[in-house]
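Shown below, as structure tokens, is a lone chain in the form predicted on its own; questions about how it binds or moves come after it.
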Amino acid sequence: MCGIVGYIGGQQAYPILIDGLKKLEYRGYDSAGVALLDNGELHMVKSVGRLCELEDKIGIGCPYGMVGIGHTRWATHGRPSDTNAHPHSDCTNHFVVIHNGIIENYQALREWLTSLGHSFRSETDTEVLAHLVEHYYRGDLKSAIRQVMEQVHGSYALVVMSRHEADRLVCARKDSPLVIGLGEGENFIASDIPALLKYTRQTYILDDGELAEVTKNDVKIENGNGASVEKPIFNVEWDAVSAEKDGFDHFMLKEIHEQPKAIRDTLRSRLNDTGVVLDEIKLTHDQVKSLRKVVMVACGTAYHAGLVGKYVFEKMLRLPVEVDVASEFRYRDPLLGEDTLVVVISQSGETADTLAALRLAKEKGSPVVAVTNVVGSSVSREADQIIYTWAGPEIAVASTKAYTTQLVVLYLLALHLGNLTGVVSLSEAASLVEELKLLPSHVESILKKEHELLEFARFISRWEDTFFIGRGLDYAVALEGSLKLKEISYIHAEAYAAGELKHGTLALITDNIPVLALATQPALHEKMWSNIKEVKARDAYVMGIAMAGDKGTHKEVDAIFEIPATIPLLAPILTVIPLQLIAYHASVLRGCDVDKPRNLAKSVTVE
């Protein structure tokens, strides 16, 4: 996501800040900015777009100062713009803040600060931090920031610089990474290790709730209670490329392992004890009650998310749902109008076919809700209403965390609309909310068992054909699993509704051929077990994916991987994780370029 760099020492800070931000470009961003202090004077420059545009804006004369902070922003609150770019300052321009994360209660804090006379310039949640520091400052920057930490809810890695105390930077973290680099007569701050490696390999890695006061000669760290912390120095032994990947061999594997955080961030501030809080969605009870159907439109992995969404929406809204491949949608002259809700799903928000579908829906008078990961994208600008997935940038072409967060958003939207219409009872909503809250920890438990999948991935890697079967929601996930395998390993993979085996597919089942059988839906277990027997009778080798405690599926398959038990409706979010890992490891074993598979691009912006 966003990138943070800070410097204090005996060198000019600007070249170091820019260099560090360039090392963090792989994280993705839409704007950038720097702020420096020179003899008590603050120099701040911000620009939408790439770092080169910031450099062009600054021009030949670099701003002076041996203390400075820099930031690359991935938009969350407020679209990409010069004004919304970091750093942000208070009313007096005495305090400057950069921040990664989400301040959940920023709106309430903003209203309170406005009532006290504070004037805001941006749409961001981050700006409240600068004004809070101004409000609490009484001659001690560290004390003011500790009071700010007590007031804000959410996640943050923040760095504050003040004209009042120009000989120090103060930083703090909660749920967002922050690293301090140690030098001689200089020290560094960054959100990620690659920004530091040119200058130092000795670091302190801050833990949640910790606050650090950084001067050019010293670093003092305190815990959440204000007690001094003696931290061990972490010596970085990775090279720069490995550091970008947090030690993972590929971005895809890193992004698979980022899914617990991505799901937490997407759920954050959108759940309460009894239901969903979707302030982004302004549809009224009467508007939802007047709907006759829902249409979901997307491409590729996002289309597979829509297939899961169909099951979820029909259950929670009791409305018919159509799911269309965006590239085909316009050409069937779809029946649209005010009584049809159109949901478009696009990770990048720039997918050409999905954009065309969105525009057609608006021409026909249908309300359009967009699910996207990129603030300020074309989809987000043109849709009537937007729900963002807080997955952060995906570098690997094969989508992983974008898919799971798209599923999370579709569940939230369905539950919200179901609550509006009364189809979902309060007790049902409360039960589902509790299970949604458990999803990040469930995904973590799956990732801890990654080693259990290696042998099956090795087995698959020796074949040129693999089959996926499932029923109901499992069939929708099987489609995504087969796509992951073929797009990065180049193994021909097909997914079939298991009940269709006798209608031709069984002709393809031969001795020992790999079949992945998804069996997470108890209501369909007996049917699914019969289908597994059918492929076993043709001597296929079957690996099952089932919920913990499912003894029946154990008896039918050659190998099994268990996901944590959850409500069957939520199983797709968990079931896809082992399929992603199998595809990844099979691709590695075959020597493929995992992150950049042949012939494919991350975002398809042409028809």
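Take the two forms, superpose them, and find the largest set of C-alpha atoms that agree within 1.5 Å; that set is the rigid core. Computed from a predicted structure; not experimentally measured. Heads up: residue numbers just count along the shown sequence, starting at 1.
The discussion below concerns the form predicted together with fructose -6-phosphate, not included here.
A.B. asks: Of the residues 309, 87, 300, 514, which one places a heavy atom within 4.5 Å of fructose -6-phosphate in the predicted bound form?
C.D. replies: The residue in contact is 300.
A.B. asks: Among 397, 321, 479, 197, which has at least one heavy atom within 4.5 Å of fructose -6-phosphate in the predicted bound form?
C.D. replies: Of the candidates 397, 321, 479, 197, 397 is the one lying within 4.5 Å of fructose -6-phosphate in the predicted bound form.
A.B. asks: Since only the chain is shown here, I'm wondering whether residue 461 would be in contact with fructose -6-phosphate in the predicted bound form (any heavy atom pair within 4.5 Å).
C.D. replies: Output for residue 461 is no: heavy atoms all beyond 4.5 Å of fructose -6-phosphate.
A.B. asks: At 4.5 Å between heavy atoms, is residue 487 in contact with fructose -6-phosphate in the predicted bound form?
C.D. replies: Residue 487: yes, in contact with fructose -6-phosphate in the predicted bound form.
A.B. asks: Is residue 179 close enough to touch fructose -6-phosphate in the predicted bound form, meaning at least one heavy atom pair within 4.5 Å?
C.D. replies: Heavy-atom contact with fructose -6-phosphate at 4.5 Å: absent for residue 179.
A.B. asks: With a 4.5 Å heavy atom cut-off, would you call residue 483 a contact of fructose -6-phosphate in the predicted bound form?
C.D. replies: The answer is yes: residue 483 has a heavy atom within 4.5 Å of fructose -6-phosphate.
A.B. asks: Name the stretch: of 202 to 210, 446 to 454, 89 to 97, 301 to 309, exactly one has residues whose heavy atoms fall within 4.5 Å of fructose -6-phosphate in the predicted bound form.
C.D. replies: Among the listed stretches, the partner-contacting one is 301 to 309.
A.B. asks: If you apply a 4.5 angstroms heavy atom cut-off, which residues in 139 to 170 are near fructose -6-phosphate in the predicted bound form?
C.D. replies: Counting only heavy atoms within 4.5 Å of fructose -6-phosphate in the predicted bound form, no residue of 139 to 170 makes contact.
A.B. asks: When you overlay the rigid core, is the Cα of residue 26 off by 2 Å or more between the shown form and the other one?
C.D. replies: Yes, shifts by 2 Å or more.
A.B. asks: For residue 192, is the C-alpha shift between the shown form and the other one 2 Å or more after core superposition?
C.D. replies: Yes; residue 192 is a residue whose C-alpha shifts (by 2 Å or more) between the shown form and the other one when the cores are overlaid.
A.B. asks: Residue 268 and residue 74: do their C-alpha atoms lie closer or farther in the predicted bound form than in the form you see, with a change of 3 Å or more?
C.D. replies: Distance between the C-alphas of residue 268 and residue 74: longer in the predicted bound form, by 3 Å or more.
A.B. asks: I want to verify one pair: residue 488 and residue 192. Are their C-alpha atoms nearer or more distant in the predicted bound form compared with the form I supplied, knowing the change is 3 Å or more?
C.D. replies: Closer in the predicted bound form, by 3 Å or more.
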